[in-house]
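Single chain ahead, written as structure tokens, the form predicted on its own.
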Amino acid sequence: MTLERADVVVVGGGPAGLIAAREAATAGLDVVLVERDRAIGAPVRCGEGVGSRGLSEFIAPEGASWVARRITRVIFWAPDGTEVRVAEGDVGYILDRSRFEPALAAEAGRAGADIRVRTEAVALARQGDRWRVSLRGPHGGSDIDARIVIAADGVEALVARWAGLDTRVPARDMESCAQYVVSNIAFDPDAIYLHFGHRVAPGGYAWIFPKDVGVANVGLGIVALRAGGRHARAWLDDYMARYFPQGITTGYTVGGVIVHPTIKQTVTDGLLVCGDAAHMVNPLSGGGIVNAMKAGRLAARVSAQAIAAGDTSAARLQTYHDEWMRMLGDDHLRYYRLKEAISKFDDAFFDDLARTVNEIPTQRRTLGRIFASALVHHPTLVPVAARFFV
């Protein structure tokens, strides 16, 4: 068995890991990224929607082959189907992640990172001030001694657990998701749709994310504890039969989304956790692509500084956790409280709330005005607001 050495080993070839590898290599570090799947960007595991402002911090979307659709509108559907248009303008993009992640990987490779697919981290052991990462790849087993490991291995978060970190998720905070790629359906191709309701997707919501005119990702996420013993794909089949019976399904994916605040400890000696592995997902929306990229960039920067200082201890790396919490983690905790509070309301409440919002002229329908109007017309929201802001 061969033994290699590297400054940084990144485990996981999703957005968090790829940005971490790119930024660490750009800083002059010797970086190896391993991805257990056969290809970067496959299989696709999410709805592929991303905000334009956050994405542009990392890579230019204009004219990119990995942009499936530019989005200029957001439309909410209340449980009874009442339509609420909330945003107009430069909202975001629907990605083709089978091309997006390879584009990030190519940038990381050009920066000097060694990208290895079909290579799985199978064990982790502390050796002095380094981690020995055991790998299994197409040509057998190998080991790498790394000064720092960046764990970006997704929902499973095995690497963090091997290092002794607690990444457990309460059952109520794990959403099961199913999504179809559907053609031959009618919708506004420049808008994303978010459909809420306990009879639509208990504990979560359904979505329509355009890929082209008449083609969209149609999916939903549910909390299993509220789903009456039925899995996400069964709920999605019902949704398709009700709203898009003429649709033609050309692909599907299933997976899990963690809607829980950031884990309490994201670092230990020589190791940082980022992206889904650290629960760095917006608990209210389930969105995580840009969050993961921000975390990957921060992990790379802190790693480079620690290696330059010759100190990769947990105390030194704690800067990563503290900066993440200031940047997004504290907001995610507030969003989690809001999610928990609004889950107590029934569908009739949200149907009424949608009609209240529609009384606001569309051009004045900012989130602030929506919230203020909702508090005036629905005083039962006051405790929710208090819980959110306290």
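A residue's number is simply how far along the shown sequence it sits, counting from 1. This structure is a prediction, so every number in the text was calculated from the model and none was measured.
Another form exists, predicted together with a small molecule; not displayed. Remarks below refer to it.
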Candidate stretches 115 to 123, 244 to 252, 141 to 149, 230 to 238, one within 4.5 Å of the small molecule in the model of the complex by heavy atom: 115 to 123
Triplet 75, 210 and 283 all within 4.5 Å of the small molecule in the model of the complex via a heavy atom: no
4.5 angstroms heavy atom contact with the small molecule in the model of the complex for residue 322: no
Residue 45: touches the small molecule in the model of the complex, heavy atom cutoff 4.5 angstroms: yes
Partner proximity in the model of the complex: residue 334 to the small molecule, non-hydrogen atom cutoff 4.5 Å: no
Residue contact check: residue 189 to the small molecule in the model of the complex, 4.5 Å heavy atom: no
One residue of 204, 270, 92, 154 in contact with the small molecule, assessed in the model of the complex (non-hydrogen atom, 4.5 angstroms): 154
